[in-house]
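Shown here is one chain on its own, the form predicted alone, set out as C-alpha cells.
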C-alpha cells in the first residue's frame, strides 16, 4: 500500500529547499561561528538535506516501513560510529613525551 506519491510539485519544492539549505550552509561558513557552532550547524543542515534526498528523490516516502527501517538503522549505526570515533581521542590519557629529569631516583 502506497501512502504518498512524489509529484512534480513535491520534487520542485524539495529542490528549492535543497538550494536554500545550500545557501544557508554557505552563509554560515562565511559568518565564522566559533566554538563548534559552525560544525554543528553544517552537520544539521547536511542531515536535513540527506533526508530530503532520501525521502523525496529516492522515493523512500512511497516505500513500506520495513524499507524505511533499514535506512533508519543504517543512519543510527553511522551516528554511533561517528560518536565513538570522536569519543576515542577525547578519552585517551596523555603521557609526558619525555621523562621528567627531576623525577629520577636518588642513588
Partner chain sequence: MDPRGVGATHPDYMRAESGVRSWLLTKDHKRIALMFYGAVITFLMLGGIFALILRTELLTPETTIIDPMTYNQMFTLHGVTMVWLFLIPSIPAVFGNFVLPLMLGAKDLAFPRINLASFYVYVASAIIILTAMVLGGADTGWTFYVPYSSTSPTAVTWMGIGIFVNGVSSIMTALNFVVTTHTLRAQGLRWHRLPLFVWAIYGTSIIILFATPVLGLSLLLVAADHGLGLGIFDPRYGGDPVLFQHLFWFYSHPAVYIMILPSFAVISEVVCTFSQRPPASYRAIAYSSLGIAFIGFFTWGHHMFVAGMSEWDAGVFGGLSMFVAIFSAIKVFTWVATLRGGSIAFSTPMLYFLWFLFLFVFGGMTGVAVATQSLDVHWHDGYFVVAHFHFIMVGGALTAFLAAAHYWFPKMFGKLYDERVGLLTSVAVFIGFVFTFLPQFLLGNAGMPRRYYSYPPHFQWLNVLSTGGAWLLGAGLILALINLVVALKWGRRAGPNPWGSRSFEWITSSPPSKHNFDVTPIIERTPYDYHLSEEDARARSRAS
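Values in this document were obtained by computation on a predicted structure and should not be read as measured data. Residue numbers count along the first chain shown, from 1.
There is another form of the same protein, the form predicted in complex with the partner chain; it is not shown, and what comes next is about it.
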property: 47, 39, 53, 70 - the one with a heavy atom within 4.5 Å of the partner chain in the predicted bound form; result: 70
property: Single option in 31, 81, 58, 43 placed near the partner chain in the predicted bound form, where near means a heavy atom within 4.5 Å; result: 81
property: The partner chain contact in the predicted bound form: residue 77, any heavy atom under 4.5 Å; result: yes
property: Interface membership of residue 94, the partner chain in the predicted bound form, 4.5 Å heavy atom rule; result: no
property: Partner contact for residue 9 in the predicted bound form: the partner chain, 4.5 angstroms, heavy atom; result: no
property: 4.5 Å heavy atom contact, residue 19 to the partner chain in the predicted bound form; result: no
